[in-house]
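Next up is one chain by itself, shown in structure tokens, the form predicted alone.
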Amino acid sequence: MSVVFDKINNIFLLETDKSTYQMRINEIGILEHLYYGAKVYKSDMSYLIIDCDRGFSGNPYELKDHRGISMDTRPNEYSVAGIGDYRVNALSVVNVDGSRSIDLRYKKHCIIEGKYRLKGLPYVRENGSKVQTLVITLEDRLLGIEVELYYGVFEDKDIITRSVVISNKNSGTVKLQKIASACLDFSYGQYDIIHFYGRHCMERMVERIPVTNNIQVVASGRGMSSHHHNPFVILCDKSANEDTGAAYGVMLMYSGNHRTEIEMDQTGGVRIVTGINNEKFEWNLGVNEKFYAPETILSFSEDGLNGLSQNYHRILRENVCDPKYQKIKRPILINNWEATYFDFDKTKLLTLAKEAKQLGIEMLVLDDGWFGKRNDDNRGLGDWVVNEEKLGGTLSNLVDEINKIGLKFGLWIEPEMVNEDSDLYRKHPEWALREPEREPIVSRNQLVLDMSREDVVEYLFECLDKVIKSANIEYIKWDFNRSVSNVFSNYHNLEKQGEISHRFVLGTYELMDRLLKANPKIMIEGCAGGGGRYDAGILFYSTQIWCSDDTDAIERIKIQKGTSYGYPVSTMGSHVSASPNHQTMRTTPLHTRGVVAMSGTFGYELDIAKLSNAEKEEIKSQIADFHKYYWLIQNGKYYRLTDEHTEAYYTAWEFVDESQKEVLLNLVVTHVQANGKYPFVKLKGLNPDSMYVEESSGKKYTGIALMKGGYSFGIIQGDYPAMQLHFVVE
């Protein structure tokens, strides 16, 4: 049993293969957090709570004669505002009478076989895993508010999911001003935070900083999870590295405004609270209504950051992304964007398709410019009608011809956006998010549609479903090319304006869900100017995400490495693009571009007609290699082999299959040195007793030698050279 309730001590015990999570109902019915970390089995961890009378830390009224017992110093399982816990809280409300306190006490619990689901939100799927659900109901008897805490325990994957459902059983409307999905209290320890910051074309850069005596915040208020701050943080021991040390992951499964707060309190304890960003949020919870908070995916590893990453890679691949893609090979595609931009017609597309087919590419994706009067990025968004004049006929005719060449077909869309210069906006200006009396902020000359409106979602579904059904479309690239501002709905009343940002996300999820159910053969690739909406919520609907609009291979090494801390390679959209690169103008060898792009879903984004015969032959070889290594790359264990100091010279990473019989070692030299040191790595995750044969040279090495003695590449010179070595067990 992964969930056990100790009736004698009122302790809840949640166990995975390698971790233990404990909480207890205390003497006055408050749910307290006891422990989360390495497995301690049935040990009672309540001894970790040591009470001390601290000034200005008040006591619950029932315990007024016990000054050492304070909500402000004890670890709480779900912190609330207004009752003496002055640290960052998980729940804040305005009650019917205007008061702002809420006092949650234990009411009941139940243990359920299988995994819970959330209404209107993505969730971690059960998908054959060994999982139990614990539901603990807390209540404020005075207010008539119930809070259900959900825990999904994936025993064999070292994952615990959390979510919260709030019910209003009062006689009037309650305003939720903050509702977090999870709160974690650690009574002891010296920790670092690892978070993932960035910008457009440089997403998920890694920063490791100490937890200090303040409140540290990782958040987005841009209407999406954002290029700038990913909704995933790691808390780890100061001594933790890639291979050893305790590391905790907190990943919010949400695609909108998010906020994670980390506070060190006066006792040295550390609290993490994560959920919807409360700065742009208020929810009116009517009588007998419920609010569902997004899911949070928690994991713990004693095997350092690589171990933690592998926990997340597995759960996202197998239980978040559509499970059918675990067994289906995704096609190697070419996207026409960097080959043609808006300047294309049927002849150009068919020529590109024929060239692609000869090289072994399997799908052509038609990017922006196929609809309405969309010949640049200033007009046409929202008019999801095929431009048959530009395509030289119907979309169906074009796709049929592409299919006859031997390629599958995919299509780019950007549903949530609208241009002022569009038929849709001229007909329905009220469908855009904007204040009635204020000129809106524009970005790429586009506004944002009000996805909180049912009529907007219905319009988009009808238009896009019609387009998808009109031809043999098997792939959709779903883009989102600006941050959201002027968040005001011309449909909802004044009281609901604080709900719009969250309702917007729910509308997007609904549209994705409806399109997938109506068109089960299509695969969605998420995109938001590249990696601006790279989160576990979107991955529930789109099995891969365009990792970044920066296709420069050298920059992509950093981007893809940062992404790998939480997200598997199988979700990273990565392509070989032109050289000089269109974003940086850097010149990089085709081989290096291929090695980097293979650590992702793999494809091409360049005008292949301009390539030399030698380059075309090299592409054929890359495609053959990717097919050969496909399952190893997509489902193998991923290891980061170099750190930020080594990476001033070179970067290396590795894939190992579950049986430890096959290894793919990758290295890119980013700063070639005259008379330099030998690039050198120690491999990881091998069977120490096996004999590994390096395929290109035929040389043999024991697993223990490669892990303990390492592998030297010798001198490597040239412009950004790369090596890719394949080892198999003899």
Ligand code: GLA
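We number the residues from 1 along the sequence you see. Note that the structure is predicted; figures quoted are calculated from it, not measured.
Absent from the display: the form predicted in complex with the ligand. The rest refers to it.
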Worksheet item: Considering Lys469, Arg444, Lys610, Lys346, which brings a non-hydrogen atom within 4.5 Å of the ligand in the predicted complex?
Response: Arg444
Worksheet item: Given that the ligand is left out here, which of Asp549, Glu261, Glu499, Glu148 has a heavy atom within 4.5 Å of it in the predicted complex?
Response: Asp549
Worksheet item: Within 4.5 Å of the ligand in the predicted complex: all of Trp337, Asp368 and Trp412, by heavy atom?
Response: yes
Response to the item:
Note: the ligand not shown here; in the predicted complex, the stretch from 191-199, 524-532, 88-96, 247-255 having heavy atoms within 4.5 Å of it is 524-532
Worksheet item: Though only this chain appears here, would Asn481 touch the ligand in the predicted complex if you measure heavy atom gaps against 4.5 Å?
Response: yes
Discussion item. My question is simply whether Lys477 lines the interface with the ligand in the predicted complex - judged by any non-hydrogen atom within 4.5 Å.
Written reply: yes
